[in-house]
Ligand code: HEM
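What follows is a single chain, given as structure tokens, in the form predicted alone.
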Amino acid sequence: MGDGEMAAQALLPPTQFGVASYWETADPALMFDTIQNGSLESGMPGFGEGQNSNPLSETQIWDVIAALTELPSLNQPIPTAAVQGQVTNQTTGEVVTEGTVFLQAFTADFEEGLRLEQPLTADGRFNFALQDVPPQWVYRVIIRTADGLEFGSEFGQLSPNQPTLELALGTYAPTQDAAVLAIAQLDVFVEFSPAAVSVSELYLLDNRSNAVFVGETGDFTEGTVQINVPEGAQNVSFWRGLGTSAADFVPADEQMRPLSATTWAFARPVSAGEAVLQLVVRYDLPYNRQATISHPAPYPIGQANLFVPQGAVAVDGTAGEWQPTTSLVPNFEQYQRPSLLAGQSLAISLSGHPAWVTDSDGNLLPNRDAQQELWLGLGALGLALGAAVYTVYHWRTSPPPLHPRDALLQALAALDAAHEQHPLPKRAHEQQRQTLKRELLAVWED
């Protein structure tokens, strides 16, 4: 559609191959020549033999053109389609024959575009017949059981070539045993603002049982998975992952129940399986050259990673368990620590002056160090004073090349120039100026 992520860098607006009108006048032979040899006018390099370090063969170029010709049909609504499947109890292996199944369709921005419902058939199946649906939508089905639990399928997508989507849907018996929960991976991301450190903790949670966890009270609305934050955490917010990329995280504050000033609980059941819940908690802590991120691990943590912006910030933990490793994220330093048991403290000590900070608009800016600049200024003033003293001393102890008046005038000029480059407290600057001026007045008449 001509709106890809590199479109803004193109010399000319990219061609919209995905619209039917383009193909009314398209010339496949010209397209072949352009792909093979490039186009100087549009700034496109060639991809044929001798034109590219990773060239396409003639067959591959024709395959590209053949794929492009299918794009207009892929953007047209699918005339008839179906989403179907069967519901089984994953704990007992039996087919579920009672209940209502809901079909949800989501746009590319994860906004709900369609919602339908129907009862299960006698053999535990569902079949939603659809007409004229966009090919970009993604689908899932959910079922609510008599005890109020809700179970969802994986996400799936229809296409003109595959207008029937089979989605497996499973239910589970409930469990109240929190020992079935474990954090497979915890990633901690740190960013700095001028007076605070912003922390994002991403939890990938496993339910290592063949049952759905409904909380230790048996009422999932009172909370299931618990998340801790440090004392003094501010601006706490939660996000839940619905897919595999950062864009698939949606606000989850309404799904969290506060239990104390530092503990929240996810007020939803947790299905069985690996990485069944992706949850991010974000918060701020005051930062003035040091801060400690510390809170107990709610469940066993298999792997913990820490990502800190590259710069002059030191990282430490209890007994130095955070160790540097090869970073997987550009411009960030990465640390790892051994696994933790439930209840052990996740402690991270940060100290130093970050080289970069993030402003309110998300821009990365150099972080000025006022204290360091003061010491540099004092050093510059010391050099200026030393130069002035040396000039006067040299004039008094050896035959001066200049009249003393001229030497003191030069010392005054050097002092003022240093002050202009590195402003210092007015009092220190003026005291030295007065000293030089008194000496200058003493020799002026001579």
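Remember, predicted model here, so these are calculated numbers, not experimental data. All residue numbers refer to positions in the sequence shown, first residue = 1.
The same protein has a further form, the form predicted in complex with the named molecule, not shown here; the description that follows concerns it.
Can you work out whether the named molecule is within 4.5 angstroms of a heavy atom in all three of A10, T15 and Y22 in the predicted complex? Every residue of the candidate spot has a heavy atom within 4.5 Å of the named molecule in the predicted complex.
Using a 4.5 Å heavy atom cut-off, state whether S42 contacts the named molecule in the predicted complex. Taking the distances in the predicted complex, the answer for S42 is yes, it comes within 4.5 Å of the named molecule.
Is V64 one of the residues lying within 4.5 Å of the named molecule in the predicted complex, judged by heavy atom distances? Result yes; V64 sits at the interface with the named molecule in the predicted complex.
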